[in-house]
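Take a look at this single chain in structure tokens; it is the form predicted alone.
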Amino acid sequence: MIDHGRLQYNLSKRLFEEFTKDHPKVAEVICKVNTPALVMDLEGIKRRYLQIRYHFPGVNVYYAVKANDDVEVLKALASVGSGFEVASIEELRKVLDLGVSSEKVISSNPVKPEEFIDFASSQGVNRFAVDSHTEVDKIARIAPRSRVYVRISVPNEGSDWPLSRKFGVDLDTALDILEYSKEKGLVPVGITFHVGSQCNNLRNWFIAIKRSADLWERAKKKGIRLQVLNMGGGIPVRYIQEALRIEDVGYYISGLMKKYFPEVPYEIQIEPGRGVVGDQGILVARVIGKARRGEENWLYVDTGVFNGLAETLGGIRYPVYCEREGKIKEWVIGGVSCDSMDVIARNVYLPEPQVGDRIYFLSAGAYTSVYASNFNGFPRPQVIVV
């Protein structure tokens, strides 16, 4: 019979060994840092950015700052020429303070606070996504002559973090918004979509690009000559299951663009966040308790869903590893807070750790430190870059 617990543990062990071998600077510090800590490899982040550029030829990369906004991470990406996608005054300030040109900054949140639009415009940032007439009115009033691109809804099936229910419109509405933008004195420049974060379904990109091409031609017939196709984020990283590789997604999108966009857009954009930093970081926690509750073995660590691992509430499963030998047991991992919702993962297979042992959550570089709070008085993970 297949021992699924042993298979899961062996995968986590292999991923840990591969990660520490490929990131020797990280390996040097994870056994020394005070926990909880998120350790990020800056050289690895830069390599990943350059890999995306290589496998998406002719595409401009705008890193989604929301994934990990640590200043050193942003500085590393700026040093290799990355653009940035921001949604708030704080994110924009962080980027501009690094000396990044306003022309390398866009904002693809379809619903933006008025004060952000005003601040962005005052700094020369004038490319905004929209998906409603209300947003067009708001931008036209605060930042006249801004360049806008409309967000269309596309399937998010196969994505671990779907987004399409909150944002995006059908093609008829999108065309109407583009026309309305022009009437209001804005410059309609393009189309954007998002296939969902951690997307492992190539069909989402197929439908998204096909729909974009349809809207592109319909806009042309209305006298609106679009210039920009923004393909959002969605590049996945490996958690407890294999994921599409960057080259898989890049090669597939390249073929779709040749088929549906024989006339290449003036600018093609992509906004990876998780795909840049997700598997370039490891979250180090410490065992603070153990218990047997009914038929379940519980393991408690000094972080939790409110202090860095919020994505587990949405279904993300991190590979988990501890440096112990012995019989593999099934565990429920509980977080540090008093809240009953603070359960990080179930069905985790590990040799039995002891209180004080370190537990490693792999592929934790995205949406951990940025989601973290000081709920219940417990600290956010410190971010350590090497």
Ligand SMILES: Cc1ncc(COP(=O)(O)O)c(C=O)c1O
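These figures come from a predicted structure and were not determined experimentally. The first residue of the shown sequence is 1; numbering continues from there.
From this point on, the text means the form predicted in complex with this ligand, which you will not see here.
This chain lacks the partner; the member of Ser82, Ser146, Ser108, Gln269 within 4.5 angstroms of this ligand in the predicted bound form by a non-hydrogen atom is Ser108.
For the options His55, Arg317, Lys66, Lys329, the residue carrying a heavy atom within 4.5 angstroms of this ligand in the predicted bound form is Lys66. Looking at Phe19, you'd find every heavy atom of it more than 4.5 angstroms from this ligand in the predicted bound form. Under a 4.5 angstroms non-hydrogen atom cutoff, this ligand in the predicted bound form has Gly234 among its neighbouring residues. Taking non-hydrogen atoms only, Arg151 approaches this ligand to within 4.5 angstroms in the predicted bound form. Contact check for Gln198: a heavy atom falls within 4.5 Å of this ligand in the predicted bound form. Contact with this ligand in the predicted bound form, judged as any non-hydrogen atom within 4.5 angstroms, is confined among 357 to 365, 58 to 66, 344 to 352, 35 to 43 to 58 to 66. If you take 279 to 302 and check each residue for a heavy atom within 4.5 Å of this ligand in the predicted bound form, you get nothing at all.
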